[in-house]
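Before any questions on how it binds or moves, here is one chain, the form predicted on its own, in structure tokens.
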Amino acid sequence: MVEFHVDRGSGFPAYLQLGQQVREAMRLGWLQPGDRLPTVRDVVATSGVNANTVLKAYRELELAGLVEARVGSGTFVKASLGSAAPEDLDPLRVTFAAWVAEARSAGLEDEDIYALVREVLSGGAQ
């Protein structure tokens, strides 16, 4: 089950943060088609956001075809994201965690690491 965290200082709207967290959980295999998302009430209780914010996030995910709302039952994952099996991600996660630890010991902060990863992903470090 996904536990939502909203960073009010991030500059990104809370509903986008919630939607991104669902997408990431789907890509990492933590959410599979048929899984039920947390209820709006549960998300409000754990993240402190307004119920309308959660509804907007879920509505955006539904419009994208990723989830479906079932009246009286909740919101369920409808599609899958990502091409790798979750078990294939485990060794990569371990390697990446070691790399992040090395980057932090070299003095890089999270924003430095994000910038470096974005550069590599965009092909700028070839």
Partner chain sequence: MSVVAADVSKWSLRNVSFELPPGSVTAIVGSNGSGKTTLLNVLAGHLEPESGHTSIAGRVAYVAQHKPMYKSFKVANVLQFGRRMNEVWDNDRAEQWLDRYRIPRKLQIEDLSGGQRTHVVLALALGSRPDVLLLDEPLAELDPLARRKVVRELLTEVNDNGMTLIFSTHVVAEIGGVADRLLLMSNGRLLVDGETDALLEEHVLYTGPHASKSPVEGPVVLAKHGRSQSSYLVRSGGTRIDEPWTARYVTLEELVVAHLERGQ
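None of the values given here were measured: they were computed from a predicted structure. Residue numbers count along the first chain shown, from 1.
The following text describes the form predicted together with its partner chain, which does not appear among the structures shown.
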Is the gap between residue 93 and its partner chain in the predicted bound form 4.5 Å or less for some heavy atom pair?
-> no
Applying a 4.5 Å heavy atom distance criterion, does residue 11 contact its partner chain in the predicted bound form?
-> yes
Any chance residue 44 has a heavy atom within 4.5 Å of its partner chain in the predicted bound form?
-> yes
Partner contact for residue 97 in the predicted bound form: its partner chain, 4.5 angstroms, heavy atom = no
All of 28, 34 and 80 within 4.5 Å of its partner chain in the predicted bound form, heavy atom check = no
When its partner chain is considered in the predicted bound form, the residues of 40-54 having a heavy atom within 4.5 Å of it are 40, 41, 44, 45, 46, 47, 48, 49, 50, 51, 52, 53
